[in-house]
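Read the single chain below, which is given as structure tokens and is the form predicted on its own.
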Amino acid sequence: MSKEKIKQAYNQLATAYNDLIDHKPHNAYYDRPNTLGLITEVDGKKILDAACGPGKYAELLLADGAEVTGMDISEQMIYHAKERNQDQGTFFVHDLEAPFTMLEEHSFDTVVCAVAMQDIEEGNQTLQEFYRVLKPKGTLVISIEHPFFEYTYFKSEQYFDIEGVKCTWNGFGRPAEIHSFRRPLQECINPLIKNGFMIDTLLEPTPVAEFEKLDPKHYKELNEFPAFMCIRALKK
């Protein structure tokens, strides 16, 4: 699978994504409150927003007193992150699979990575970099697409494989073909443990009440079966 295809898709989506991100149900009232809810300390803390998109998570963290650094593979997403947050925060283009050479070790209290690890085929390098830049006892908070949901959604036949998959997103203007990697549950959990993290919380989220007003069909579905999974892990 070409990484360039992933980057092109997010560049294509960036403006519409930024325009809709404040209230799009799956983002605003499902992933975001559940993922941010796992960050227990914000005020005065240094937080790395890895795969920051158009900077909405950063906006909320900055408003709560954090010092935020954001990175994303998409130049257009970073453009919107800078525009959204004006002179607050630091944002730059970077591929999560490449070493974070611009960031010092032990420099962040928390790393948050929302719904992005599925874009990476082999995540050990990324997890090693998360571990390196975190302070001792720092916290990694990630959200990913739920492996059981993906197995069903993509009609997979080999659950234990890591496989390239694709789907079409129609909710952000013109359709965009999104490439990612589906993996079994053990390949979501074990790499964290092998790279020095201790899992503190595993959350299968449910949507908050505001979701139902905008999308009652998916509100019902997400209360019956999760689409995402949120994890908080501690640097040992």
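So that there is no doubt, residue numbering starts at 1 and follows the sequence shown. Computed from a predicted structure; not experimentally measured.
Beyond the structure shown, there is the form predicted in complex with a small molecule, which is absent from this document and is the topic of what follows.
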{"item": "All of Leu36, Leu60 and Phe130 with a heavy atom within 4.5 Å of the small molecule in the predicted bound form", "value": "no"}
{"item": "Candidate stretches 204 to 212, 61 to 69, 48 to 56, 182 to 190 - the one whose heavy atoms come within 4.5 Å of the small molecule in the predicted bound form", "value": "48 to 56"}
{"item": "Proximity of Asp109 to the small molecule in the predicted bound form, heavy atoms at 4.5 Å", "value": "no"}
{"item": "The small molecule contact at Tyr219 in the predicted bound form, heavy atom, 4.5 Å", "value": "no"}
{"item": "Heavy atom of Glu163 within 4.5 Å of the small molecule in the predicted bound form", "value": "no"}
{"item": "Proximity of Glu97 to the small molecule in the predicted bound form, heavy atoms at 4.5 Å", "value": "yes"}
